[in-house]
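Next up is one chain by itself, shown in structure tokens, the form predicted alone.
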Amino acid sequence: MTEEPKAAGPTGNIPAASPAQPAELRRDVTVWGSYMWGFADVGADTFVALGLVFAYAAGAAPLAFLLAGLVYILIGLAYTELAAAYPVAGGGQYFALRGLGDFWGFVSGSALVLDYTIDIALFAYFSATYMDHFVPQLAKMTVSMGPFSEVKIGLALQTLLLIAFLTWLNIRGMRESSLLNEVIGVLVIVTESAIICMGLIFAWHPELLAQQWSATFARFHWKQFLYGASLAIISFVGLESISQAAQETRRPATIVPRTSIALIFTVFLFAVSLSVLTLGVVRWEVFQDEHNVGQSVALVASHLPWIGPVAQDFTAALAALVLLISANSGVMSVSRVAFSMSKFQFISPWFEHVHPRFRTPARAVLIFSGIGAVQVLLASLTASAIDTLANMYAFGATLGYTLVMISLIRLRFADPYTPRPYRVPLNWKTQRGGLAVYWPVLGVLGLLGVATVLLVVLYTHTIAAIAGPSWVLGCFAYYAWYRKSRGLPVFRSVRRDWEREQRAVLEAAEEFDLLEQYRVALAARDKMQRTGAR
């Protein structure tokens, strides 16, 4: 993107936009930790989405998961390329900033902040619903407050306590937070694999699947299917977590591609397989009961022969834990988005403060975890807190992903010199100014796919269509006020030395081979420019 001139400050001075900052995040995330940051978020999504998708898509739920999964794979490949090339906290917000400029970087950041605060609220809430498998009396605790009747106060209070715990954990540090993900993540992978394998061998009835499939398509409802398919994208939200942790990952250019590719296909197989298993084990109508939606995977596990009751209890306990670490990933990620947005002058530098002892963005953790808690309270006042939070989650994710796909395409042309340890496959080579550039064919297909899902979300989700854009507009009001107060342009970009920024990023990541490749590429460009000038 053509960079704009620096804007004059209130005193007539040019505002500084140097990327160099005294505050740095500590690199404590290993290969396994990087994978588990993603799996903690994405792997838990099936526990949330399974019952929701069946409640609306009925017997066509496996098709909904398949279509959403194919779009997710294309998005995942784009994130893999961008996170390996730009291993900086901020994820999609940073990619949009680099590729599209300040304004769209802000829009992406506001979508991600919405997504991650909803992540905290939604997954902590679902964790509480699985916990209540053992103490159902808590789930039944309700109160009436004026026009609001049957408010599930028990679930709301449990959720708020879980959010408070995760806030404390993330202020303590990335190492402690990552360790929680790694331990529980292994149990989740083993358990999901066991449920799918044992279920398909001993409990799955293909005739039940065929019957429900045929009945659904005999009276097919497009709007309900699209609603369910747009919720299926929830099963695959969370790849952003690996990008958010890239600045705290050791040797990210090597680690991020490996962990991202493994995560993409692991979660895709789990989501599609579990949906196929479910359709051949239970009737989809059971998920019209919100209680079953909140404990959908445990319900499937209860149908395993011989060990059904034990499997149901164990799955409910494990689901509560994995959903808790998914909410934990949301706390980590939203604080890193805020850290990045503050660094690049989208929000107050107050959010960029790093705790002197724990080296974590403690202020951002506190504020945005608090927003997640408020969202829990507001959603609890609606008819279905689960459906309300899921609606908003789908909107934030698809808006952010759409901007990331556009940024991938734009950066291929705007920044061809940055080394890309991984490149999205299937490219069309072209020449631009004597330099070879590559159109990402799969990137274009991914953009079309996720933009379609975004339109479906706005068409089928009334709450998301109203509250989602309202959130972005509210954030824009703050952004416009803050930029004007600092003498910065609102719609134009502050000029930044991205080459200096990229060298600093690669050096901090200890990617010295890539740093040398970058310097050589820039030197060749400069030599070509000097030759052309003569």
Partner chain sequence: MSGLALAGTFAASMGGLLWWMLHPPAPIGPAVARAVRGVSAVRRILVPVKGTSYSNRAVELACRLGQEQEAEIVLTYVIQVPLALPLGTPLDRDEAMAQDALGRASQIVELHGLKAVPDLKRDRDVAHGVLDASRAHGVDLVVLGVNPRRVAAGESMGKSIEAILRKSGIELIIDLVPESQEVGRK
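Positions refer to the first chain, counted from 1. All of these numbers come straight from a predicted model, not from anything done at the bench.
Another form exists, predicted in complex with the partner chain; not displayed. Remarks below refer to it.
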query = Would F265 show up as a contact with the partner chain in the model of the complex if we use heavy atoms at 4.5 Å?
reply = yes
query = Is I255 close to the partner chain in the model of the complex, meaning a heavy atom pair under 4.5 Å apart or at it?
reply = yes
Partner proximity in the model of the complex: E516 to the partner chain, non-hydrogen atom cutoff 4.5 Å = yes
key: Contact flag, S348 vs the partner chain in the model of the complex, heavy atom cut 4.5 Å   = no
query = Based on heavy atom distances of at most 4.5 Å to the partner chain in the model of the complex, which listed stretch, 138-146, 302-310, 450-458, 202-210, is the contact stretch?
reply = 202-210
ask   = Tell me, which of F270, F344, F103, F368 has a heavy atom within 4.5 angstroms of the partner chain in the model of the complex?
value = F270
message = Only one of V441, I189, L378, A414 gets a heavy atom within 4.5 Å of the partner chain in the model of the complex. Which one?
response = I189
message = Check for me: heavy atom within 4.5 Å of the partner chain in the model of the complex, for each of V183, R503 and A508, yes or no.
response = no
